[in-house]
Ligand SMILES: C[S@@+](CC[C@H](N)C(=O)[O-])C[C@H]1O[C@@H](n2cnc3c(N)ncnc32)[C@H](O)[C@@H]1O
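Consider the single chain below, provided in structure tokens and representing the form predicted on its own.
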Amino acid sequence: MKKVLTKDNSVTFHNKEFDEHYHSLTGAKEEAVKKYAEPCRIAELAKSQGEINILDVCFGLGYNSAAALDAALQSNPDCIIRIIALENDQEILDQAKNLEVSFRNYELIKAIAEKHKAEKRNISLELLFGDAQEKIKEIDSDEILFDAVFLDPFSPKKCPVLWTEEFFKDISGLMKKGAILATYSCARSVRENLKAAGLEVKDGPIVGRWAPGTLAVKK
């Protein structure tokens, strides 16, 4: 697995199987903050609700969750945060355990990468390891509903099974009314599948590329 330095001096890796990088080369950390934590309004929710539940699909190096932790705790240090992450690649989790990253709460990411669980005062993280299509069905909507979803698989072309209407319906069923799903893709098929899953679709931010990402809101 090849280590790559992105333009904002944060590290990503290249996956040989999918022949894609785990993050945008214009800035891996920037992407986590600008495409996921900010458009999902993590800081605002931490202050207004005092409690946040996040679903992180395709956890990877955990940058998206780390950006969310930093934003939430800076806004409200007493915010109760629960993150459930889905990942099936132990190799990328092993890389996370050894990284030195500028996210303030990355030690929690290292802990979940190693033990698949991490807790600290008002924070609880759990990683469900395996096929995301199967693992998402293990999450009980009677036990938890999510305020935000980070959808960050490899591209629809390379990993189509995680961009289907069926998978999006499973995600939608776990979202609170008004919850926001953020993803980097703006592909027409992705947006149509999100709409078919009962989500309202709009443009996300343009960060490091010519096209916007996508935000999908639970009606």
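Note that the structure is predicted; figures quoted are calculated from it, not measured. Numbers follow the displayed sequence, beginning with 1.
Although not depicted, the form predicted together with this ligand is the subject of the following passage.
- With the partner omitted here, the residue from 190, 179, 43, 58 that has a non-hydrogen atom within 4.5 angstroms of this ligand in the predicted complex is 58.
- Taking the partner from the other structure, this ligand in the predicted complex has a heavy atom within 4.5 Å of a heavy atom of residue 153.
- Mapping the unseen interface onto this chain, residue 107 falls outside it, with no heavy atom inside 4.5 Å of this ligand in the predicted complex.
- When contacts are judged by a 4.5 Å heavy atom cut-off, residue 119 does not count as touching this ligand in the predicted complex.
- Although the partner is absent from this view, residue 88 contacts this ligand in the predicted complex, with a non-hydrogen atom inside 4.5 angstroms.
- Stretch 156-164 is the answer when you ask which of 156-164, 46-54, 170-178, 190-198 has residues with heavy atoms within 4.5 Å of this ligand in the predicted complex.
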